[in-house]
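In the block that follows, a single chain appears as structure tokens, in the form predicted on its own.
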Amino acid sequence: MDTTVYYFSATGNSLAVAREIAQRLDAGEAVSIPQALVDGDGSYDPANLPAVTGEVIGIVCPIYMHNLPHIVARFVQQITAADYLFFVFAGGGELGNGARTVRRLFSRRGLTLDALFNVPMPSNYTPYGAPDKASRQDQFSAAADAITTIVDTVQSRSPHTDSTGTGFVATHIFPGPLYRLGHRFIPKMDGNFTVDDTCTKCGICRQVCPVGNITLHDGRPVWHHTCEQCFACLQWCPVHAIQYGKKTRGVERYHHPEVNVRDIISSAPDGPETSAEQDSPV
């Protein structure tokens, strides 16, 4: 069974889940969605994305603002053929409009989503803080059980739908109109990022960005309004110099314990060869 597992991950939750699924399905290495969407010269061009086909295709990603990350939505729209499709949400647990959006996007492509799974993982939205370590461990243990279900389901090519909260309250009342409106403006929300004087000009923020939204000017990050709100730049800054608004200073950063910064850099379009020291004009 030819299987490819794709993922989008900023702090490692979805990457850790995708890795385990791919390994247990003998699917080889999980494939980074940002890298799957680059063109021949290795650059990311949303206007010119390659088609995606496969016998069995799986996607693992988080939920942003109760919906699908923009880059994952673009990726889904590039899938042109698959015999079996499965989707795994590895976010905070509340799917909001996410499940409905996925099904709608596949339907527009003439494809059917065969299985949908919800694997709650520790929240990594820094302004709200991170769960305590005991709660994280409970979620990791539950995720391990959920992955067993996912692997068994995919191997048998069975249909499956986890509880997704796709009723009227979950998709209209709980997410709310502000979330739905805000989701549209995610690319420009990087205007809330700032850099403290503690910045060491290491360039890691630029290297981990999944869409090349960050350049360096005098060694310090500049955001260019194609943001995914993944918070990789903030979460992986080794000195916590990047802030988002007024709520992140002193707040614990979160990374999945089995994922390191090199894994995230390797997931970005430029991969591990990115030159962190290169400056770009504002």
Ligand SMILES: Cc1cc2nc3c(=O)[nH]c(=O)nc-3n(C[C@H](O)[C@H](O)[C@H](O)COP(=O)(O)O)c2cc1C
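Note that the coordinates shown come from a computational prediction; the quantities given were computed from them, not determined experimentally. Numbering starts at 1 and follows the sequence shown.
Below, we turn to the form predicted together with the named molecule, even though it does not appear here.
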Task: Partner proximity in the predicted bound form: Gly92 to the named molecule, non-hydrogen atom cutoff 4.5 Å - done: yes
Task: Contact label in the predicted bound form: Ile33 to the named molecule, heavy atom within 4.5 Å - done: no
- [ ] Would you please decide whether Ala10 lies within 4.5 angstroms of the named molecule in the predicted bound form, comparing each non-hydrogen atom pair?
- [x] yes
Task: Touches the named molecule in the predicted bound form: Tyr84 (any heavy atom, 4.5 Å) - done: no
- [ ] Tell me, please, which stretch of 154-162, 114-122, 72-80, 99-107 lies within 4.5 angstroms of the named molecule in the predicted bound form when heavy atoms are compared?
- [x] 114-122
Open item on the list: Where, within 59-84, is there a heavy atom within 4.5 Å of the named molecule in the predicted bound form? Residue list please.
Closed with: Pro62, Ile63, Tyr64, Met65, His66
